[in-house]
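As a starting point, one isolated chain is supplied in structure tokens, in the form predicted alone.
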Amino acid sequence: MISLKNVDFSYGGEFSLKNINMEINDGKIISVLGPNGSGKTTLLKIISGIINDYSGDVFVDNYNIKNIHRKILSRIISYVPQDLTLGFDFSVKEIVMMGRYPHIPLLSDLNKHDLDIVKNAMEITGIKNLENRSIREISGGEKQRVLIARAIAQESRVIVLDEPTSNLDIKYQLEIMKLLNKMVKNGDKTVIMSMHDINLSIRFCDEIFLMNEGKMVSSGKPDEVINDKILSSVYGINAKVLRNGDGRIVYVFPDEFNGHG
């Protein structure tokens, strides 16, 4: 379990997370929703240990992550950014191999066990045929799968992804969401990701945490969190939430802006 207790953070007073409290159970797909600037990326970087100058506490299995060595924490939590900016030209395989670094001693090379894990990660994500291609030469959807393969090779229990479907066409969006869903349902993974697409979150996620202006507005199952009123309040739109006879959300589509967003 991951839990956040009274977490606050600010960028020189210009932006802040305010009194964030969360509990994330193992074996779930979690979506963090909210408008641009609501604090989603900052929150994920705090959970991943990338940002550590916050107040409050973040716990993994009751251990405060500030007291966990960075290399050990990387074996528990992996972080997948929206994009990867590199100073050098690496092959797809080399990028995936980087996921093994938390598991190997300093100045050591990857052994057969490590390389087998890398191969398996590429096969799971469907990028084995790209292993010798430059990371700079492949498509956005392929690059996203490379970053997920690196996280799989890292063998972390928790995978944190910052908008994994951003700027991808619907085919790649569905491929990535189905891949993440399969990883959670067939194994012992927990996936936490920021999202813009409400409908993808409803379809694939077990729970939604909804943020606005650095605060946690609501959390729970998608059918409990998403409704006309909260979409109007958070996103500044009038939206229609279509539900089936069981009350489960089928689809959400915006009707018109209400002038408050």
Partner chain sequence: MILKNEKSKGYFTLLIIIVSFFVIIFSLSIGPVNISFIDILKYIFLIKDGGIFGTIIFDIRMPRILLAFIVGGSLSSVGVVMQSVFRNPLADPYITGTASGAAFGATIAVILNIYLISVLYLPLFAFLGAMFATTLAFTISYLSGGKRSENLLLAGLGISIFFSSIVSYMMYLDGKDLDYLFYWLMGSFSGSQMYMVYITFSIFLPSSILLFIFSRDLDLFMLGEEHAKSLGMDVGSKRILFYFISSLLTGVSVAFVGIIGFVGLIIPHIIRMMGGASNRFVLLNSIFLGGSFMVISDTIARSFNIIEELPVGIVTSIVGIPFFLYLIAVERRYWS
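On a predicted model such as this, the values are computed, not experimentally measured, just so you know. Positions refer to the first chain, counted from 1.
Beyond the structure shown, there is the form predicted together with its partner chain, which is absent from this document and is the topic of what follows.
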- Tell me, out of 118, 95, 161, 177, which residue has a non-hydrogen atom within 4.5 angstroms of its partner chain in the model of the complex. 95
- Since exactly one of 113, 182, 71, 171 fits, which has a heavy atom within 4.5 Å of its partner chain in the model of the complex? 71
- Message: I'd like to know whether residue 167 contacts its partner chain in the model of the complex, with contact meaning heavy atoms within 4.5 angstroms.
- Response: no
- Task: Indicate whether its partner chain has at least one heavy atom within 4.5 Å of a heavy atom of residue 189 in the model of the complex.
- Result: no
- Closest heavy atom of residue 122 to its partner chain in the model of the complex, within 4.5 Å or not? no
- Task: Look up in the model of the complex whether residue 102 has a non-hydrogen atom within 4.5 angstroms of its partner chain, and give yes or no.
- Result: yes
- Task: Can you check 57-65, 43-51, 196-204, 220-228 and let me know which stretch has heavy atoms within 4.5 Å of its partner chain in the model of the complex?
- Result: 43-51
- Task: Scan 134-155 and note down the residues that get a heavy atom within 4.5 Å of its partner chain in the model of the complex; none is a fine answer too.
- Result: 134, 136, 137, 147, 150, 154
